[in-house]
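Presented below, as structure tokens, is a lone chain in the form predicted alone.
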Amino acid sequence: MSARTIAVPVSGAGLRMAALLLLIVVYTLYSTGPFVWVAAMSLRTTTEIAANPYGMPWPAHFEKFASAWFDSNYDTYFLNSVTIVLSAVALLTIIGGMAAHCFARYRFRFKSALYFLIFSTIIFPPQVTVIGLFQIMVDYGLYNTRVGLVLVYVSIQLPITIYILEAFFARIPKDLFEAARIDGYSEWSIFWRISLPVAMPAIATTVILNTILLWNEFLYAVVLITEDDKRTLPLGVLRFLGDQLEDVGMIATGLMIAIVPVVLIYVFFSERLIQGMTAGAVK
């Protein structure tokens, strides 16, 4: 008997799925490649990196993390980042939630003009606004203070926070608010006891987004903070930059200390983030 080759037809849907999977794999490798490279360099010395930039971390110098944390003030930088970011996110959640609730539920004079004014700030790049903010911080005695940096973070993230929450608040059924008014709830109680609990998916989304964005923020921090004991984690990397020599190994270690919390937040809360972004589209 002669062997015969059986041809298996490949459908167009199968080819599209294979192409999509290939694209996802290539994009994943492209995105995670730099992270893996920095992670490897964080466990190597500058001498080892200069000899072989793409070498494996063997032997692995885990003591570099302890050195950066205790000897290079990274414990102070980490505490500053936590304090500043959490304070800014808390204010953004409360102020943004109240503003979004008002824009979504009430009609008042100059509503459209105020809405446009708030969102017009998004079109200006940070490099344009940083000079004006610097002068304002100096005039009001907020320059080189954690409070000043918190207020700046609130101002730059407030428009997008209002935008996300307003879209969700606008889709909450009006019957809930009418029933609350019949039960004798004040407008203040309606916000805290009706709007805020119902909007928790969107609130969680803004909290995660703002935390990630502000944790990595560098431009405003480097302009408005100069004292070492008030620096945030992204500014701590500057400690290993010199005019003549750069400690590449310790720069990578410092970057990993700053990156790992963001990665953990995304790993554990990515599903909640996706749910919050899509919840507003479902009434």
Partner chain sequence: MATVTLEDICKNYGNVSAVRDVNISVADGEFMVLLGPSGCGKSTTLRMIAGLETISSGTLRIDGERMNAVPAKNRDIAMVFQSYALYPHMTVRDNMGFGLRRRQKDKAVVARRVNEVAASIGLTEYLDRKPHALSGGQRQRVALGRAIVRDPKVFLFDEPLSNLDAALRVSTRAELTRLHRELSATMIYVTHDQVEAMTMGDRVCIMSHGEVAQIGKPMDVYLNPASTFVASFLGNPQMNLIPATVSEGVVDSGSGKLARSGLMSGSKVILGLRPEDLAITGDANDAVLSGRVISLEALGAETLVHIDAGSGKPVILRGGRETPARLDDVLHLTCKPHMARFFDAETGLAITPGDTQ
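Residue numbers count along the first chain shown, from 1. Everything quoted here is computed from the prediction, not taken from an experiment.
The same protein also has a form predicted together with its partner chain, omitted here; what follows describes it.
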Considering non-hydrogen atoms and a 4.5 Å limit, which listed residue (Phe124, Tyr185, Tyr115, Phe134) is close to its partner chain in the predicted complex? Tyr185
What is the one choice in Arg146, Arg181, Arg171, Lys111 with a heavy atom within 4.5 Å of its partner chain in the predicted complex? Arg181
With a cut-off of 4.5 Å between heavy atoms, is Pro197 one of the residues that contacts its partner chain in the predicted complex? yes
Residue-level contact is defined here as any heavy atom of the residue lying within 4.5 Å of its partner chain in the predicted complex; does Leu176 satisfy this criterion? yes
Among 203-211, 157-165, 86-94, 185-193, mark the stretch whose residues have heavy atoms within 4.5 Å of its partner chain in the predicted complex. 185-193
